[in-house]
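A single chain, nothing else alongside it, follows as structure tokens in the form predicted on its own.
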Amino acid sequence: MSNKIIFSGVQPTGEIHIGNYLGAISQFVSNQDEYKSIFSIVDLHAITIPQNPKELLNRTRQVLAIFLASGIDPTKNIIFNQSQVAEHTQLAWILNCTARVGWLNRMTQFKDKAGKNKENASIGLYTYPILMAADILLYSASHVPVGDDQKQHLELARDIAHKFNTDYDTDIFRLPEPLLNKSSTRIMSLRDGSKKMSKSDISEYSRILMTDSNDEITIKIKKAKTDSMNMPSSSEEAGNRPEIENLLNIYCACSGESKDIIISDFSGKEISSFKNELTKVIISIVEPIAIKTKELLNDQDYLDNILKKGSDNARQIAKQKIKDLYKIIGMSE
């Protein structure tokens, strides 16, 4: 395998939105010639909260279809669903015995997700950063694409790897580095410029899905929250208007143009005029992916075959890692 290895996991919960595409998937596509990439659709992580069993596999296929429609090449990369490679859970148990309770207690995302009801949250929700560490370390990933909300989990993976290596005087686990998005822009909710765009948001008008029709995109942008003023004339002014700045950021990310140029082009114009142009730019990105995704979803055998081949390839790597690990621990000769 290449010395430069990306591992990334995507949960098959909810539908993939344009924030996921601009912040992650488009980067996966651009990185696939430079790195050996392993993409896992992490269905084991998904069940830390209740899922509809009839929908889970279909959502896994949908994530795969969007990956393929976006340009991720299954002949260059390994794409598989996590539950089909049992070594993930094997390694997770070993890492459970390496990680410390205090480390998990510092994980802020559990506190955010469990909220005041943490005593009734599943143990899986509490320990899933350990499984995430297993996902990464199993494939000797050199780099992991992370957003702000996952940096802490990557640090945990590095801490666990370092402790295991030290405890057993080995270098079996590679310490992965974060792979930061080439664009630092965060895509926020269309209904609240202070919140990140999320597939779990109650309002369907808060996000543009990568399977939305042109009419749906048009309506969502038309309804996107703004203020009563005209378009800003400077980046400083835009920075004080979070919803407008978010729409400008989406325009920049979709078009590739700089924010200063876009602000100059629309300075003082009515917001409705800007929204019309933004809609066209978004449709130019989403429409071909949505069309291709729907075509792929009509051929489930093709999608399932890619997942099976991906799982077989991933398992070959994972089995060797577990075999080497068992020798170090004293579980085999």
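Everything numeric here is computed off the predicted structure, so don't read it as measured data. The first residue of the sequence shown is number 1, and the count goes up from there.
Not on display, but discussed next: the form predicted together with ligand AQP.
With ligand AQP omitted here, the record of contacts in the predicted bound form names 185-193 of 116-124, 185-193, 89-97, 160-168, defined by a heavy atom within 4.5 Å.
In terms of contact with ligand AQP in the predicted bound form, the residue from M231, I79, L137, M197 that brings a heavy atom within 4.5 Å is M197. For the chain shown alone, E155 is not a contact residue for ligand AQP in the predicted bound form, no non-hydrogen atom being within 4.5 angstroms. In the predicted bound form, D73 stays away from ligand AQP, with no heavy atom inside 4.5 Å. Interface residue remark: V10 is counted as part of the site for ligand AQP in the predicted bound form, having a heavy atom within 4.5 Å. Proximity of I322 to ligand AQP in the predicted bound form: non-hydrogen atoms within 4.5 Å are absent; the residue sits far from the partner. Residues G9, V10, Q11, T13, H17, G19, N20, G23, A24 of 5-29 are found to place at least one heavy atom within 4.5 Å of ligand AQP in the predicted bound form.
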